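Next up: a single chain in structure tokens, the form predicted on its own.
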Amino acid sequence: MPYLGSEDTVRDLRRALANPHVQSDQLRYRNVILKVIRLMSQGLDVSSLFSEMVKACATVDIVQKKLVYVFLCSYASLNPELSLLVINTLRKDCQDSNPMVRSLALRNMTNLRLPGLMEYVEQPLTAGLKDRAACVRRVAVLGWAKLHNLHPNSEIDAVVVNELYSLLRDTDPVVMVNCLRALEEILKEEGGVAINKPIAHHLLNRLKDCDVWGQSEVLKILQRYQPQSEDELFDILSMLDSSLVSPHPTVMASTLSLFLSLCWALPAVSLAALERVRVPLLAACGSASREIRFTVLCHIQLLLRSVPGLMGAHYKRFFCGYAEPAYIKQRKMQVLVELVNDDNVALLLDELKDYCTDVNTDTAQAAISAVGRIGRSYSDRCLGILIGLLGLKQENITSAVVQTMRDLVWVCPQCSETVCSALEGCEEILQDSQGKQALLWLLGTYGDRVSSAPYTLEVFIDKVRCETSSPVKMELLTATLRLFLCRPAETQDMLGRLLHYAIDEETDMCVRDQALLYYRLLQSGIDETRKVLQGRRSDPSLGVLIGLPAEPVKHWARVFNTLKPLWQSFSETESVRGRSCLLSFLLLIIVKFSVHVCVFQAAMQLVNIQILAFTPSHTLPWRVYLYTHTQAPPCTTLILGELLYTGKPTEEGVTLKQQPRDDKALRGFLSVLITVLHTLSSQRE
């Protein structure tokens, strides 16, 4: 037997297709055609058999017709002239008594996608719209959409559009849904299919007759219809009530999205709808499909932004399973953080503590971060867990714990004493740049409380020539200078050695420029240096504002049941929302007290943040555009930011864009940004 990919194989198939004895035996002829299709699917070029396959389509055998049509549609673009030979056969089949043959011919006629096909296909498609068989009408409706896609510049006859609108009342629900999709494609430039009151109510009444896909399509298109009265609105909501608790997640999500779009002016009704979908959402969380589970978890996070206690009584449903993938575990932990309260905090922390030692590094770090976020409300319990994890002396766990402690002491200054006492020996375990930066920040900020801070920094300074991370070197410069301001006798010598290396030997320009800036700052005097680097700290006796205010449903209703919740980083969103109030307050102080432009720009450059443009003080709205980049391996992350102050609490804050995505870098940027703004504002208060 010839080799599969040789020319002899194609030659033998051509002989078999042209052999009268094979053609007379229907089964043998079909098997030869099947071999051609098999070779085509395996990547062998069998386009040279096009003429023989065109002859083979003239048969009454439906199976053989399907096989030949698959071949013709695959190679029609390579043989446009020969493909026209099969048009007559297809047009003849469109008039066959068998509806299956008619639908098959009509479907493959539009699948040929030939430039001159339109004049041959219009008449069969028009006749297919009025065919007595539903399967033919289904194909004919989609055929017009294919034809429009093939010739987008040509206009579809208004008679055809009217016929498609009339078919919205077809007895077959699939025909009705296909008409919606076809009209959406054909009338795209005009805004899609027009939905008036009779069409909207007809679609709602036929909703239960459609399959899951059809219901989702109908519900999506109905979002563009606005009821003309409140009575009509509640009639529509009543008809949708059963779909709101549908066991199919896609139907339930589409119905809720329609609910939210209709009730944008009725927040009480929207919240009631969110309560109604609690049970279907919890059921979908146990789906066998990982994709559905992840999607549902992402959308639950959206709902919790407006109804924080929606899933509070069912928090155990979000415990992680052993065999679940890491991305689902991490998303579940984010949900668990939102569900913490006084009654379940002990159980949730015990559960998260087990996840902190997961074999998957990302899952373990996410669990430690979740414990830190809970620590903003329950600091004593969480600090005990974090300190216990430091005792394991595992590099990835220690790094995550130190970063979490850094974030925790920023919002909970009363934790600083406990955190400082737990930092002993961490420098020997940390290997990654993020962990080192967190440790250096803590030593620089609270070095007066850590007895071994100068000796720890000296270890880093002695190894600075071997350090490959520029952010670590820059953080080391800042930490050493801060420690020098509070413990000069112990730090003076090492600070001199570090500045000498950074200015004379360092090849990275960012590190060198920062060292020069510090050197010149020291030349201006200790008092000036202290004003720039050491602002007033928060009172450790004060607590923090716990939790976030419930967000109006209309803020996120437009992105519900879309892809945006899946790729949006909710840790990033939480971080931005959680710190927006503090940023607004700091921006108010800066604008009100007219921080000098040079001071503001110099302060930003100290932390490697460059200012692109800004508006003068005393002008509203006040904006400043800035950027920075991180050099953490394996790639560099660019962060662009806009600080906005309008004088209105609902329209101020910070907007960030990032490329590529790096959640850790973004959180670090926010922490540094708030530190700078806090320092400037404290000097102006």
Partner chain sequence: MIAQVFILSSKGDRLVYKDFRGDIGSDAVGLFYDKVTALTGDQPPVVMTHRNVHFVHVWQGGLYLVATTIAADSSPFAIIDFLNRLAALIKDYCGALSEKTVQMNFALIYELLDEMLDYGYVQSTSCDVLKNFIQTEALSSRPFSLLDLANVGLFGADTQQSKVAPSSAATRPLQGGKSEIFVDVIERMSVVMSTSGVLMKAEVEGEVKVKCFLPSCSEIRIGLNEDLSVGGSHLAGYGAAVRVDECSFHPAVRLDDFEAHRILRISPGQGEQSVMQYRLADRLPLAPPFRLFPAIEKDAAGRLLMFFKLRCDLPPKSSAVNVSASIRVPNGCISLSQELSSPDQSAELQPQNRAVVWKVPRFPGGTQLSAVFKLDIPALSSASMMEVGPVCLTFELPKVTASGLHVRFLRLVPTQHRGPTQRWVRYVTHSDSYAIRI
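All of these numbers come straight from a predicted model, not from anything done at the bench. Residue numbers count along the first chain shown, from 1. Take the two forms, superpose them, and find the largest set of C-alpha atoms that agree within 1.5 Å; that set is the rigid core.
One more form of this protein should be noted, the form predicted together with the partner chain, which is absent from this view; the next part is about it.
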| task | Could you tell me which stretch in 409-417, 474-482, 385-393, 438-446 has residues with non-hydrogen atoms within 4.5 Å of the partner chain in the predicted bound form? | result | 385-393
| field | Within 4.5 Å of the partner chain in the predicted bound form, all of Met40, Glu217 and Pro247 (non-hydrogen atom) | value | yes
| said: Using a 4.5 Å heavy atom cut-off, which residue among Cys135, Ile199, Val345, Ala557 comes into contact with the partner chain in the predicted bound form? | reply: Cys135
| said: Going by heavy atom distances of 4.5 angstroms or less, which of Arg381, Arg305, Arg512, Lys146 would be at the interface with the partner chain in the predicted bound form? | reply: Lys146
| query | So in the predicted bound form, does any heavy atom of Leu626 sit within 4.5 Å of the partner chain? | reply | no
| message | Please determine whether Ala272 contacts the partner chain in the predicted bound form, using a 4.5 Å cut-off between heavy atoms. | response | no
| query | Should Ile62 be counted as a contact of the partner chain in the predicted bound form, where contact means heavy atoms within 4.5 Å? | reply | yes
| Residue contact check: Gly525 to the partner chain in the predicted bound form, 4.5 Å heavy atom | no
| field | Stretch 272-295: residues contacting the partner chain in the predicted bound form, 4.5 Å heavy atom cut-off | value | Val279, Leu282, Ala283, Gly286, Ser287, Ala288, Ser289, Arg290, Glu291, Ile292, Phe294, Thr295
| query | Do you see a C-alpha shift of 2 Å or more at Val159 between the shown form and the other one, with the core held fixed? | reply | no
| query | Rigid core fitted, is the C-alpha displacement of Ser74 between the shown form and the other one 2 Å or more? | reply | yes
